[in-house]
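Before any questions on how it binds or moves, here is one chain, the form predicted alone, in structure tokens.
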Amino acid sequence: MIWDWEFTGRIIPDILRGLVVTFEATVLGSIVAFALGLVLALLRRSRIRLVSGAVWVFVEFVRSTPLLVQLYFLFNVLPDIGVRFSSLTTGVIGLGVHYACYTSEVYRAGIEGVPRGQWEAATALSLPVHRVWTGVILPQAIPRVLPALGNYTISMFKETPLLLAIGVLDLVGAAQEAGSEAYRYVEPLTLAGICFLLLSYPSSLLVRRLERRVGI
């Protein structure tokens, strides 16, 4: 098959629109994952066993089931109970919740990595609980976990094509649609692959530099 440059020029705007959707899903999904992951990590440390146990069950359940199944569940079951979102919003929720269960373990490891002396010093100063977390523990734990959070963001970016299953026209969806209209797939799918490479590889290099900087 000969590469058709005229066809390539025509589909580039569609590919870029799909790339914007992919970027949007990744950024919003990361925000949900990072915020919810921290909440889950803190709840896992609750002294109330019912709370910590329930969070443990939820995290293990989500980590043990495929993201695609979770997306189908959210997309098909939520409307049955009267909760309706757009396909993109459902995809962002699915990505965010799925990766929150992984980032919660990252946060937990970072919190447990704070030297015991820091906890004892905060206790000796009789600091209120919120000051202990916001002023002592989290400022030391968060920098340690940034490289891992970066890696999960890259993984999420590469898994956004799964959103096509619930109707989100992301980068791969746009490529698939452009290919089906002209019965030519080599150009759109190659462009989609190049877009993933151009964004994923430099991001991986940045994460490695960050890992070296924080001494991991």
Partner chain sequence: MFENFSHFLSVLLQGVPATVIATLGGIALCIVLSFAAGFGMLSPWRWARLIARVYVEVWRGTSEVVQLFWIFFALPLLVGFELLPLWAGILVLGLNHGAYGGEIVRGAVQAVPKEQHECAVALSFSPVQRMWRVILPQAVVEMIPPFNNLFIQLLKSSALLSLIFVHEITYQGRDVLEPNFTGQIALIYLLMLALYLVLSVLITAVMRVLERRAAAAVGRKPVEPAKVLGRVEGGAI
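Bear in mind that the values here come from a model prediction, so they are computed numbers and not experimental data. Residue numbers count along the first chain shown, from 1.
Just so it is clear, the following notes concern the form predicted together with the partner chain, a form of the same protein that is not shown.
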property	result
Answer option from L28, L42, L169, V186, heavy atom within 4.5 Å of the partner chain in the predicted bound form	V186
Proximity to the partner chain in the predicted bound form (heavy atom, within 4.5 Å), stretch among 126-134, 113-121, 99-107, 84-92	99-107
F23: touches the partner chain in the predicted bound form, heavy atom cutoff 4.5 angstroms	no
Contact flag, R49 vs the partner chain in the predicted bound form, heavy atom cut 4.5 Å	no
R17 within 4.5 Å of the partner chain in the predicted bound form, heavy atoms	no
Partner contact for L197 in the predicted bound form: the partner chain, 4.5 angstroms, heavy atom	yes
Those residues of 154-169 which, in the predicted bound form, come within 4.5 Å of the partner chain by heavy atom	I154, S155, K158, P161, L162, L164, A165
